[in-house]
Every structure is written in C-alpha cells, then in structure tokens.
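As structure tokens, one chain now follows by itself in the form predicted alone.
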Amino acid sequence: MEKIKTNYSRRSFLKSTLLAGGGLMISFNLLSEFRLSGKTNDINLPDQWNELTGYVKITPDNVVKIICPNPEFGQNVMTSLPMIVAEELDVDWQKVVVEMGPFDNVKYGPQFVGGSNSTRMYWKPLREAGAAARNMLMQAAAQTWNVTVEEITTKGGMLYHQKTGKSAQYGDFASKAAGIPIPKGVKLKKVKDFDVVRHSQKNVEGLNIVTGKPLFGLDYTQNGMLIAMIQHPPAFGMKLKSYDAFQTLKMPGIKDVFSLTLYPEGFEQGGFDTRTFNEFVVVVGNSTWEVMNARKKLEVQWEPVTETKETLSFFGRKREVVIPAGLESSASQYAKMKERAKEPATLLRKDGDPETAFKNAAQIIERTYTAPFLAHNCMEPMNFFAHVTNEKALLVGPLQAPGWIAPTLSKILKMPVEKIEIQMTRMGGGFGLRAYGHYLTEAALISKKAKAPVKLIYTREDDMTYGIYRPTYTMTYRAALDANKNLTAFHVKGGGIPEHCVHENRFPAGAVDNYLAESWEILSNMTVGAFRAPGSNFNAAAEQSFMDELAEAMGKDPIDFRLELLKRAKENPVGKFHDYDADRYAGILKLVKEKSGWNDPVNKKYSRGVSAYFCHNSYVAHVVDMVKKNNQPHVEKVTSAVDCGIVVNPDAAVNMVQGAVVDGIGNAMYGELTVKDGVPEQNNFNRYRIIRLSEAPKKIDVHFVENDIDPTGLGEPPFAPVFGAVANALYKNTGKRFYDQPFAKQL
C-alpha cells in the first residue's frame, strides 16, 4: 500500500471542525493539508450545509456529497474528479451527490482548467482527501466497537467488523469521526484494487444538460438584473475618440450609455489579463433585444492608435510588450512572414554540426508550412454577471481561471480579494479563451458604474471580432540526406505573428546527430492567446507532415521511420535533453499500427495518413482513413492510440478523444480568420467555416495504453496530431502535398 504524510495538529483540527447533526466535512488543499470547512456557529441548522465548502460531506442519513473543485466546460471533470475522491473513500458511486465548488483557492488550490492539467493536478490531493475521510470513519467505528482499526473494513459506504458481525453506515459515525485528528500516515489503494476509477461512469450533469436545466452563465439571472453590451472599435489598430448616445438613450428599455477604460494607464497586467480594446462604449438596458437594437443607434468616432508599451507580469517574470500602430491585413502579414523567415533567427537548440552536414548533403529536402489566425468560437458566447457595491462584489459566470482574475479584480475595483465572491457556472466551451478575464473585469466595472446588478453579453459578432485568436504561424523544415538516403541533419525554423510555436526539445530532438532549432516573431496589435493545445496544434501539423514526406524520400514506411528515430532517442540519445519518453512515444505508434490494421490489405481502399505527437504530458497517434465522397476527400474513419496514464473514466475519455478528432479535422480543413485593414473578415458562422455533421468521420476507434502511470493530459493531446494525419491522408487521396491551412481552400 502507498503511504503519504500529512501534518495537522489536533488543536488545529478541532478549531476547524464542523458538526451539523452528525455530519462530517473534509476539504484538502494542494499542500497536502486537511481541514474541516465551515463556521462553528449555528451548527444545528442542517439547511446551512449547502453554504459550506469541502471535498467530502457526510450527513447522518448517509448522504455523501463530493465537491468538484475545478470549472467544468465539457471535459467531464465534474464527474471524473469526484470519482477520484469516491475511490479512496470507498463509497457506492451511485449514491454520491456531486456539487460544483465555489472559488476558493485556499481550500481548493488553483481551480484552473487549462493545459490539460485538471486530473493530473488533483490526482494525488483528491485521493488523499478520500483516504483520510475513510480512515477517520474507521477509527470512529473501532473506538465505538472497542476493536482495533486494523479489523475494520469498508465497502460501498459501510463499515464492517467481521469477527463480531457488526456493521454501520458512514453516516452513523460521521459525527464521531469529525472529532478524530487527521492521521499522519494515510494508506492509499493499490491501483489494481480500483472499483470506481477506471470504470465508466455517466456524466453527473447529463440529465440536467439534456433537459435544459439552467447550468450555464447565460442561464444565470437575478432580480433587478440589467443587460449590458459593449461597442468596441471596428478594427485592430483603432481606439475610441468620441461618441454620441442621444438616439440610443431614446430607445425603449435603455437605462444608460457610458464609456469605460478597462485598465488604467501604467497598469501591470497579469499573464492572463490579455485584452484587445482598452476603451469601449457600454449600453445598459432591460433586455438583450432592447440593448442590441439600441446599440445600433450609437454614433461613434474612432481614431488610429499609436505604438504603446505595456508591462506584463507572468508568474513573477516581468517583460515589456510593444503594441505597434497600423491597420494590418492577412495578405501583408504573410508577405512579412515570408521575408522575415529569410533573416537570422534566435537559436533555441543546436546538436552536432548541422551547418557542415547540410553543406555535405547529397540531398536537401525543404518545406514551409503556414496556418492562419483561428477564433475560439465557444458555443456559449462570452458573458458574465456582476453586482458590485461599495462593500462587496459578486461575480457569476463561465471562466477557466478564477484564481488568476481575482487579483486583477481586486486592483481594478480597489477592493480586498476577500470581499470578492466568484461563482463558477458550467461553461459552454472554453478552449483557452475563458482563461482570460477581460470580460469578467468589464462586467464588474459596468456594474460599478451602473450601480446595479448587470449581465454583460457578447454577441457572436462581438466574440469573433474581439481578438485573443490562435496566432498565425509558419514553419520551415529542412532535412539533409547522404548518398544512401540516411538522415544526417534536421533543421526547424519557425515564426509567427505575434509569437512562434517551436518546441525545440520535442521529437525529433535527441534522435538526429545534427539538429538545429530557431525561432522569430513579428509584432502585431492583434491579440492572441491559448487555443486548444497552444502552439502544439500547428507544431504537430507541420512536423508530422514533414516527417511523412521525409519518410517517402527515404523510401521508408512512415510509421517504421518514426520508430527508428525513437529507437535512436532511447538507446543513444543526442544532446543533453529531450522532453519526451521514447518508449511511450513508440508505444502509441505500435498500438495505432496494430489497431488500424496498417499493413492489412483490406485497408488499401483507404487513403491513409498517420501522425503522432507528445504534448501536455501525453502521447497520441492517429491514423486517418480517407475516401472520395462526391468527388471530394472525406475522412471516413479514424483510429486513435493514446497514452495518458491511468484513465479515470473510460467512456468520458473516449468521448474526449473523439471530440478532439472532429475538432481537429474541422480546423485543419476549414478554420481560418483573416483581416483586411484591421477588420476581421469573418464575424459569424455564415463566413467562418466549421465542420458539418456530414463531414465528420463515421467511426472513431479509440484505444488506450494500459499502464499504472498517474494520469496526465487528455483534453488537448489528441487535438494536436489530427492536422498532420489529415494532411498526410490528403496527399494519398489527391496526389498533392498540403502545406497551408486550411486545406479545403486548395481542393
């Protein structure tokens, strides 16, 4: 059995104990310290349970409530994270009640959804929380029955003493357990003994979702609540000059019109305080329809911005960001990137003597890949409720990172953090966009100015023209071959607007004697941010497309070629470091080769493309099977192999991979946001193409590597390799290599 250590004194424990009719509540933070949650006054009022926080709550009638600490936006953490607690607590999952916890990063840790870190980050703390509660209950039973704790067993929320035949529900001993100090050593289950984790469980909110229960930010309402919308500049590189609201204020239901500045001059932005337009006009009224119509009556004058400099503090590391003036266009941006790519770049990694290897090469293969800006297009447009008074602030809505926005709110509102309450709703999509808190801060400032509870709502057009896009990228790959077609050198040089996505220590770093990685960037006033598998989504696309073309030039099977490189990285690695495990990487390639029937003659009817990638601590490979449909390439089937460690909830994990595959195919084939003179040319789905139901694969087979490694990422790793697999299948289907996303434009 695993053992963990905790430090908690009896005095501290008793000070934070809450007894409510015999109930027990336990919470556990990321520093491996347990605490009982709640106030000690009014302890005889059971209706106060719902106002208290903690991971585990047990009532006298054996109701077990488990709190989910992390925001939910479709990745199913509201089911999978409580499953981890339930496993160690040893309760019947069917009798568990799950509740979304409020924002409290002292009790719950970061409460951050992003980087595919939810399960990885909470795996150990949640296991410890469940195991601690179970141990305390066992001690309470042992004391009552006058037996040793080692003789007590548990099963499905029941306590047993086999020798005497005694048994009881957890609720029977919840009150007594609350008075027992947290043990210093807590035993965790062996992985082989799991009976909740690794077993598929239904989404705890599934029924509420399909029956339309109010779960999302847009569903939230409060008496006296007003609706607000903002009017931002029509183009990147423009700012507010003046406005006339005379006609707007005459429209029915309109309460007020005013301008606001989001961040004051000299404001030091946190890492996720990104925003596009700092000054905007606000229309406040009774209803969404009235505000939308009134906003059309605004007369606003805009003017060009001047070059500015801002200070960004990202987890304590400060840097200055230059935001240039001017109205940018996609055509000119690509031209700038093409020219910039010819200039010297920043050296990121160098192994061996790549310059000499290229000079002596018998053959050099060079290819350049590009990708456009992408909009997140969450199904639920950005929104947030705020009610700010002089005494406190209440904010309710969908966001991925409440802990990162709270300090910003405190500075902007000039209010202590402890007076700011943030309640998290289910998100109708996030994909990285909702890690940025500009819309929440906007809502807070609007409420403060309007002196009323307000819900800020973005229309789809607001959302798609506001920025924080996936950057536009380009990568150039070169490979040197000797006279026998052996790979002697590898060079990657990548850039972007306004950032690059070169991961210099990823595959094939460590597998090639002579290796060179370089990067460059071009400044822009278009704001960018995290987009599902940030950076990796294009890096994987370009790298894996080039790998296929390189394998073909060398006369090798694309999977076998990758496996050869990984064998080298394992047995005789080059350089001091590479950030992937060659064995696990090779494992998913072998698994996808087997499960897809890669060499099976029956699959020759398909145009097959393969891709594999490591990111967010996990390994994923896809084989895309393409056919002709209405004389156009169509993805018929996808086989996926995934190594993400222990799979907590298998059915949900399969769904996650399948969703990533469809999302990846859609973005690879159709995703594109372009600008002309600073104006986004796609502002709604009539112009921004996404995948349609008829274009999705008929079948997506998902296979997981079975191991006992602690869980790693899953929301993003399956997304990144899809682009390359689609490109490689397209080549087999059309006879043409595809270097520029979106691919459909070239068909």
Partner chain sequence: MAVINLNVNGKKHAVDVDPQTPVLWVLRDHLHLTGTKYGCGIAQCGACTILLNGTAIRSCQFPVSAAADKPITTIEGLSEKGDHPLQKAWLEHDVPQCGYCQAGQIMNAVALLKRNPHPTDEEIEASMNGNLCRCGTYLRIRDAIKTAAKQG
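In this text the structure is predicted, and so the values were computed from the model without any measurement. Positions refer to the first chain, counted from 1.
We do not show the form predicted together with its partner chain, though everything after this point is about it.
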- [ ] Counting non-hydrogen atoms within 4.5 angstroms of its partner chain in the predicted complex, say which of 97, 523, 207, 191 makes the cut.
- [x] 207
Task: The unique member of 280, 531, 466, 404 whose heavy atoms fall within 4.5 Å of its partner chain in the predicted complex - done: 531
- [ ] Using a 4.5 Å heavy atom cut-off, state whether residue 431 contacts its partner chain in the predicted complex.
- [x] yes
Task: Proximity of residue 629 to its partner chain in the predicted complex, heavy atoms at 4.5 Å - done: yes
Open item on the list: Is residue 214 part of the interface with its partner chain in the predicted complex - any heavy atom within 4.5 Å?
Closed with: yes
Task: Distance check, residue 419 to its partner chain in the predicted complex, heavy atom within 4.5 Å - done: no
Open item on the list: Whether 125, 139 and 704 jointly form a contact site for its partner chain in the predicted complex is the question; each needs a heavy atom within 4.5 Å.
Closed with: no
Task: its partner chain in the predicted complex: contacting segment from 282 to 290, 498 to 506, 549 to 557, 266 to 274, heavy atom within 4.5 Å - done: 282 to 290
- [ ] Between 694 to 731 and its partner chain in the predicted complex, list the residues on our side with a heavy atom within 4.5 Å.
- [x] 694, 696, 697, 698, 699, 700
